[in-house]
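First comes one chain, alone, set out as structure tokens in the form predicted alone.
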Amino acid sequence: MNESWRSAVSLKVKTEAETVAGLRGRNSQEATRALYRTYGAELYGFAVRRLGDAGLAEELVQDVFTRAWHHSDRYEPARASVRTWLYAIARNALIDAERRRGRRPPVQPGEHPGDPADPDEPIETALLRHQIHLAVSRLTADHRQVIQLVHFRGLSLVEVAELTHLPVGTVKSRLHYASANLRLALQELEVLP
């Protein structure tokens, strides 16, 4: 099982590296579309959270893929995955966007899902927060609930059992499987090795 997962990841990395190499070839539009389909929504979500403006976030994502296309010859698969490379480009594009627009008020709570942006939060911290949010969102509703109650709200297993009207053993089991699945999701997002 673990070996097949590694093989699948290795194949994905090879395919993505070939896609980036395709940005320089005749099928550059197709390669750009493939990268956008894979990472566009994820980058957009990060940009919206950071910038607090959907329009600016759309422009930023477009800028990221334009930069990736122009600088695809600089991508080195041995140094970083495609996701890491695109997020590095996004980080630089965000810095440029924040410099251009100055400091605008952050998004008001409730305007979009997730935590409101803190304009003083370092981009690296905002990126990590976004990736953790993405990883948690990949969990089932039951697993997401127990992770949020135990790890984000700090409730004990007994408190979670009382709140959810479940046996403590069930809560403990869900937390175990939720933690394992969260670890896998964080590995897929390259937050954990």
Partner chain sequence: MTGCDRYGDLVAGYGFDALEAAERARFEAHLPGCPRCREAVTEVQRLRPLLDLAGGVEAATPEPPAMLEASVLAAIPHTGTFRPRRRNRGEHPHATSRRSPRRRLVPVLAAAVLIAILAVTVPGPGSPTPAGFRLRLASSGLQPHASAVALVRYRPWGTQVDLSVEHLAPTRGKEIYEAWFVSPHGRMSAGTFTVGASGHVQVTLAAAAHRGGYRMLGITLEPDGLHPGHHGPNVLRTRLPT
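Here the rigid core means the biggest group of C-alpha atoms that line up within 1.5 Å when the two forms are laid on top of each other. Numbering follows the first chain given and starts at 1. Keep in mind it's a predicted model, so treat the numbers as computed, not measured.
Form predicted together with its partner chain: not shown, discussed below.
Among residues of the shown chain, Ser179 is one whose heavy atoms approach its partner chain to within 4.5 Å in the predicted complex. Its partner chain in the predicted complex comes within 4.5 Å of a heavy atom belonging to Gly45. Under a 4.5 angstroms non-hydrogen atom cutoff, its partner chain in the predicted complex lacks Leu166 among its neighbouring residues. In the predicted complex, its partner chain lies within 4.5 Å of some heavy atom of Leu186. Contact residues in stretch 131-159 (any heavy atom within 4.5 Å of its partner chain, taken in the predicted complex) are Ile132, His133, Leu134, Val136, Ser137, Arg144, Ile147, Gln148, Val150, His151, Phe152, Leu155, Ser156, Leu157, Val158. Taking 2 Å as the criterion, Ala41 does not count as shifted between this form and the one not shown: its C-alpha moves by less than this amount when the rigid core is aligned. The Cα shift for Glu58 between this form and the one not shown, taken after rigid core superposition, is smaller than 2 angstroms. Comparing the forms between this form and the one not shown, the C-alpha position of Ser179 differs by less than 2 angstroms, with the core used for superposition.
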